[in-house]
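A single chain, nothing else alongside it, follows as structure tokens in the form predicted on its own.
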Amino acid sequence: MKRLSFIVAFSLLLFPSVYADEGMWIPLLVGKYNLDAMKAKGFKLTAEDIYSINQPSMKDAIVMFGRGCTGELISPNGLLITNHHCGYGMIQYHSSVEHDYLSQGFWAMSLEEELPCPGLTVTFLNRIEDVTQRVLQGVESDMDEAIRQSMIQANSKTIADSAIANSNLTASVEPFYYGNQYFLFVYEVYSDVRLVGAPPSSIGKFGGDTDNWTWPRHTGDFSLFRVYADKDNQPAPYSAENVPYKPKRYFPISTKGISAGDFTMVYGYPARTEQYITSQAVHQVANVSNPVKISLRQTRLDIMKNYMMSNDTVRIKYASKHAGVANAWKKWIGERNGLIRLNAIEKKEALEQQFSQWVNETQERVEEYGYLLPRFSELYGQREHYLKADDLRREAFAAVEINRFALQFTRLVEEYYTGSEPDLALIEKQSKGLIASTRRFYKDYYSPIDREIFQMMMRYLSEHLSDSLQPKALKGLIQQYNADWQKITAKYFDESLFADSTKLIYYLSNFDRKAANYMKTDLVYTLNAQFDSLFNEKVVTPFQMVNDELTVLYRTYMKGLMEMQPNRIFYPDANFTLRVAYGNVEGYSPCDAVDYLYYTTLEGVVEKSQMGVYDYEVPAKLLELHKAKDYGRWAVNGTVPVSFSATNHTSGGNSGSPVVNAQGHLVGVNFDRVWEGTMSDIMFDPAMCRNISIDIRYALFIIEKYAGATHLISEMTLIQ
């Protein structure tokens, strides 16, 4: 058997010396592969300033905020800034009709007024290490794939466990380039995080769904939190005795602002990109999956909005849910349009043709790579069937809130049907957890919305999902009521235990075999159990098998592409690990006769407020500040800068990422991409791909002049 001797040679191919704004780079390797390009664009610092384990560096001021955003520290007292939409769930958590922080904003005027955020964590990166050779120790080139993965998992666990032995750290080993390279990431997690400040949604979410994913933007998309630690500055659960965290490093803030062409760096946690997928994969995104998902989400959004506009209580309950549904919906529209405009499928096909010709030049390449493209074609043909079904499961069946809710009860109920004596201690623990979950669910639940969504989604599913994947309970309802969906909906909700919180909590508080039997025969539980069982057997398992084999193919395909194009820039796909992206402040031209500037100002906020659009409501106080030109030190040419665009390559997860200038000073907080560039997760277009950031001066203006929270400004280090 041949050893994997290509490991070292492969690592030399990863980062050829090609300079471009495209790419999301591993901080550990910036000094070796990116620093010259960054300096050519204006960067003034060293690689050690970006990432170091020997001294405090920028990485120590950046956190993974929650489970899907980035945040950064901006004071020596643990003050953290991220996006308003990243903090939205916690702002909503603390909101009520009496204290509507979504509409009115929230500002803690002292440490004592800062609000605990249960379940919210921030995660600091401790270090990164290339562990490829250790992960692949004992792996052979012709090894069975299952055995190979088992060995890799075992090696990875050993490496991660060793890295955090006798510490409070966490660690993971992550694959890069589909498993051609592996890196160890060691983290420190803080769980006492408190809400400090948030502008009203009419500032923090200004433009709403109307402006989401678009430019020009006028959104004050920021919120403030504080990280707390124990008296030794170590992670600790929430306690009144905890004190503000003292960071190793925090970002000084530039009040000078930005100009066209200025260097910018975005440093954060991009979630997922797929830059190296084949033409068949792009086709399935653009022409199979996205159109269906877009249509189904449009229906849900329309239903939610109708109820939200007529009832303030419902508006608060569903504000975060509506925003979550809308975010992906609009992104998918822009992504599809961008892929079509770029002729992405044709470009991928051209690359594959080039690859095929290169492979056929030698018999050795034919033996190593010749099977790849035909097998890709076969697997993607199989995958399309499963993809369609999975989209319907996610976007139709799981769109019904009560369906997702009911699935949480499976383990508890089935404990009485294992064939052995039930674990009473486990049942008690699960029951208590589900009581808490039930209360949380019903806090932000409005049955009329869910009923209407059920009616529309399940009708669509019944008409488009193959008969073999439709549960007997669903077929029975359709037959019993002759496809009258109003009657089906009434039956589904009116007779279900899961639609009655009081009754459900009663049964959970006294959970026994009788309660389990009652719950198991509930129509909602039955339908969900049948649907889950069918999908696990007929979709989830074979779909995963196809995707697993595709991943194996991509591992070899990536190796071949890099051998074929040794001078091409091959940056790793995003996988929610810390990355550096760099570029310049720049506008763009999205279509004929339209040229966008790189910045927006408060004048645009006021102009939009006069259009009569719901998403463009502006707080009276902000209008008063504008009318009086009361901008204080944040005035620039008679107004206040709001947002700016730049050429940094970003993705989901980069929300809240710091945007720094050539000196490493904070100039903005990244919050979006332009709509014409949302296909950048799959194909980057330097002419159209722009990230959007709130100008930090607008955030400071809101904090100081709008909120009067001058004590927060005093914590920060401002650089002229």
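So that there is no doubt, residue numbering starts at 1 and follows the sequence shown. Just so it is clear, the model here is predicted, and its values are computed rather than measured.
Keep in mind the form predicted together with a small molecule is missing from the figure; the text below concerns it.
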{"property": "A171, heavy atom within 4.5 angstroms of the small molecule in the predicted complex", "result": "no"}
{"property": "Contact test in the predicted complex: G208 vs the small molecule, heavy atoms, 4.5 Å", "result": "yes"}
{"property": "Any non-hydrogen atom of R226 within 4.5 angstroms of the small molecule in the predicted complex", "result": "no"}
{"property": "Exercise: H85 in contact with the small molecule in the predicted complex, heavy atom 4.5 Å", "result": "yes"}
{"property": "N327, T601, N575, T299 - the one with a heavy atom within 4.5 Å of the small molecule in the predicted complex", "result": "N327"}
{"property": "Interface residue in the predicted complex among I294, A236, A499, A323, criterion: non-hydrogen atom within 4.5 angstroms of the small molecule", "result": "A323"}
{"property": "Segment assignment from 412-420, 350-358, 212-220, 307-315: heavy atom within 4.5 Å of the small molecule in the predicted complex", "result": "212-220"}
